[in-house]
Each structure stands twice: as C-alpha cells, then as structure tokens.
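As a starting point, one isolated chain is supplied in structure tokens, in the form predicted alone.
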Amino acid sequence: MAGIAAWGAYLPTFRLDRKTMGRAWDTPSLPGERSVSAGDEDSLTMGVEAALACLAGRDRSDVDAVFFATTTSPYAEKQGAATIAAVLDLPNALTSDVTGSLRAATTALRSALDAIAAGTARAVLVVAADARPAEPATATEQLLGDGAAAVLITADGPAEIIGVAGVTEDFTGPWRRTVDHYVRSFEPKLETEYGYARAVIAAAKEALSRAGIAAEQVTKFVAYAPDPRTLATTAKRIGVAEVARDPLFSTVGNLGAAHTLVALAAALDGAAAGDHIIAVAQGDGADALVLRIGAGIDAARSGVPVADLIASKQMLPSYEGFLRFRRLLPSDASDPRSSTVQYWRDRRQALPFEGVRCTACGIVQFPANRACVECAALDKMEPIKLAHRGRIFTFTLDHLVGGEYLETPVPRVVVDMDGGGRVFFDMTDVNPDEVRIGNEIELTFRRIHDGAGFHNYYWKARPPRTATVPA
C-alpha cells in the first residue's frame, strides 16, 4: 500500500496565554496557551505554508493532485486547493476541497490513497488547515487553536499505510450552520461518548484488524479529540499500551480539521523504523489509518520539526490583540482599491512568485517588464522563479498604517533575493525595533487585504522561522 513520503507543518507565530483570556472575561482559565493566526493569516495562507514545508527541496513534477481539508475555508464558493496549486505552480494538478467535517483531512488522505492505488496520480499532496471560530468568553475559545499540516502520499513512501477503515454516522455535535458565527455544541457528554469515542474506537479497531496489528504494538496514537482527557481515555479503550501526551493541547490548542495531521507530523518527526502509528479523526463517524515506519524515514525528514514550531513564538500582550486579529472589533478600515482583472493578470507574480531574467545581460528583475532596467534590451526577458530568502537592502518604518496589524510602525523593506532580484515587501511577525539592513528574511504567504470584496493574497517578509524554504 502507499505511504507518506514527506510531511510539513505550520503553526502561527503568535500565542495567547489562556490566563490572559480568563482575566479578560473574569472566568476560569484552562492551563497553557493557544496559537493565534495573525490578522493577515487565514486557513488558506497557513495551508500554503504547510505545503511549502512539506515539498521543500523536492521535485514537484510528479504531484498530480492537491487536496485541501478545512472547516474554515476563506471562501464559501471558490476553491482553496486551486490557490495552493497555483502557489506551488502545479497547473495540471487535480484539485479538491474537502470541507464541513473535522475528519476532512483523513477523508482526503483516503481519497489520496485511492488515487495512488488506481494509478490516476503518482503523488498526492494533502493539506489540512483550520482556524475555527469560538464564542468569546467560553472555554472553547481558550481550547481552540490555529495551525496546518501537509503530507505527500506516494506509492513507495517510507511511512507505509497498511490498514485503513472508517465508519459514518450522522451525529449533530459539534456543528456550525451557514448563519452561525461560532462553533455550537449541545451536550458534551453525549458528543464525547456517542459522537466521538464510539466511532473512533470502531474505526481504529477495524483498521488495526485490516493491518494485522494488535493494539499493543501501536507505538503512537495520534488523533483529533475534543480535549486531552478524551484522547487518553479513548486510546486506552482501544487497547494502546502507552498513550503519549498530546504535544498540542497545552501549547497551541485543538487545531480542528488540522489536528490529526499536525499530531501525525510530530509523531513522524520522532519515529523510527519498525514503529507503528495509528492516526484517527472524527466527525459524523471516524477514519483510522495504521502506518508502519520503514527504513527510509530518516531520509524523508526535511522540514522543521513540530516541536521547533511550537517553541518558535511571540506572546500576544493582550486579549484585545486577539480580538483585532479575529476582526471582532469595530473598524473603519478603508476598502483598498483592487480588481479581479488585475489579480488575474498578475497571478504569476503574486502566487508562484515569478520574475524575469534578461537574456541579454542576465539581470533578474521583479516585477516583469518588457525593457531591461540594466541594459535596456527590449523583449529579451524569460520567466524565472525567485528565491524565498534574501537580505534587507533598505527599509523604512510606516507609522500611518492601521487596521490589520497588531501595532504600528510597520516595516516596509526592500530585499535582495538570493539568486537575484530586488523586491519591495511589507514585513510581518517582527518587532520593528529589530529590523536592520542586512538582516536575513524569508517570505511568507499572507492575505494582504480584502479590496473589491475578495481576498488579495501576496507575499510578505519575516524573520526566518524555518531551516529550509523552497524557491
């Protein structure tokens, strides 16, 4: 059976201490902290980050499909997977969004396995991301977090998937109607025992049976669960001998549809040949996949470990900052000028970050133009993908920008990209006082604004968080 050939994860830089949330509403607080996507992030931008981490340094020419799993797509009618494929420059990939369920990621994984088995795809990229909305002043608001992960499925991936099973059952809870702003729930005990545990146990036991593996042989149990206690008790009921502490609940929170894939990425980071991992997600039933780790697992590691992403963080100083990031405070922000025509015309520059190189003198330039800025040769340009790393050539601090940033000033930087090209960016996830000429930066895909009623995505610069960022 096919397996996982590569994986990558993304966790936003910002964290909010749950004590801060409790103090804001004078309510009890849960232990730990949660991850918070910034005002210029959403599920799609986080998914792009995870996809880039997963494919870092790899030839993408065999990726025939991209599946995007989320319950919080930025569009009700527009495909997120198509945008991810465009950033990855995979114009011929089959793309699909899998939405509306917390087990969207495992459902996408099962579809990927079917495509590999049928021979309709050589490699399938499964991306999961979520930033679920919770009602303010509730424990759910403290528990949820934001994040993303991606896995690449191939016929010979070293994390071989040797057993798959699923059960489907209509169950109302948790849910969110199209008119609801927040995740809703009715009776937690009912949802935990009959909506979650029963389906997860049935799917996991069937997957283990099909894999020919006893529960005692499972090295790591990774799963979406509504809370850490339910995760541990359910694993014991399945028969898993040792239940490792979930690394996510206390550090970044419950990541919704992305939780199982992020936990799986963390498990693969530390897996050794001969290990067995079972990955489970639940939502109107459950999916379970049993993995056997092969000898090639060490060579498959290329991205930044999940543990390092958890450790790489900035603390939000206040609950108000969280509300601003969530756009829950009234704002008179202007509607920037924008155009779907312009966005489409500039798509090669905005998404796969493509510039041009003069064939007469070799100078790399961005944005694309007809006349070379160095030798004035006309119509001698060829397209070239620009690197995602560089160094600051010069910068200024903009004190007049409001709205979507936690605070001003906003650094605006001119960057000399590795391999050529000098490009202007806004800078994000940075203390303005620490910006210096010559500083190394890497690019991050962000939502720039919502001009003309649609999301405008582009690249920003940030201090490096990752060891490897693909060009």
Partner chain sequence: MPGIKDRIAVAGVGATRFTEHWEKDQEDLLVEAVDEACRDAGIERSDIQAIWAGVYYHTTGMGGAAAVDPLRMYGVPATRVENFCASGMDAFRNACFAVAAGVYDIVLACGVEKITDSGSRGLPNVREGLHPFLPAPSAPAMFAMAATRAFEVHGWNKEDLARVAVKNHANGEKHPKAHFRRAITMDDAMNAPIIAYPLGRFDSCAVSDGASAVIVTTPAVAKTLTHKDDYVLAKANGLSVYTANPMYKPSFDYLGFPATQAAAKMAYEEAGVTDPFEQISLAEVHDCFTITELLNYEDLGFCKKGEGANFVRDGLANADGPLPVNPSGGLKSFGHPIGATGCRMIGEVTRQLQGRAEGVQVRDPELGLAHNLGGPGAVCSVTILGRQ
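Positions refer to the first chain, counted from 1. Just so we're clear, the structure is a prediction, and the values are computed from it rather than from any experiment.
The form predicted together with its partner chain is left out here; the points below concern that form.
Contact between residue 373 and its partner chain in the predicted bound form is found at the 4.5 Å heavy atom cutoff. Among heavy atoms of residue 76, none comes within 4.5 Å of its partner chain in the predicted bound form. Although the partner is absent here, residue 18 sits far enough away that none of its heavy atoms falls within 4.5 Å of its partner chain in the predicted bound form.
In the predicted bound form, its partner chain sits within 4.5 Å of a heavy atom belonging to residue 425. Of the residues 179, 400, 329, 299, just one reaches its partner chain in the predicted bound form with a heavy atom at 4.5 Å or closer; this is 400. Among 138, 95, 349, 111, the residue placing a heavy atom within 4.5 Å of its partner chain in the predicted bound form is 349. The stretch among 190 to 198, 340 to 348, 308 to 316, 266 to 274 whose residues place heavy atoms within 4.5 Å of its partner chain in the predicted bound form is 340 to 348. Contacts to its partner chain in the predicted bound form (heavy atom within 4.5 Å) from stretch 363 to 380: 363, 364, 366, 367, 373, 374.
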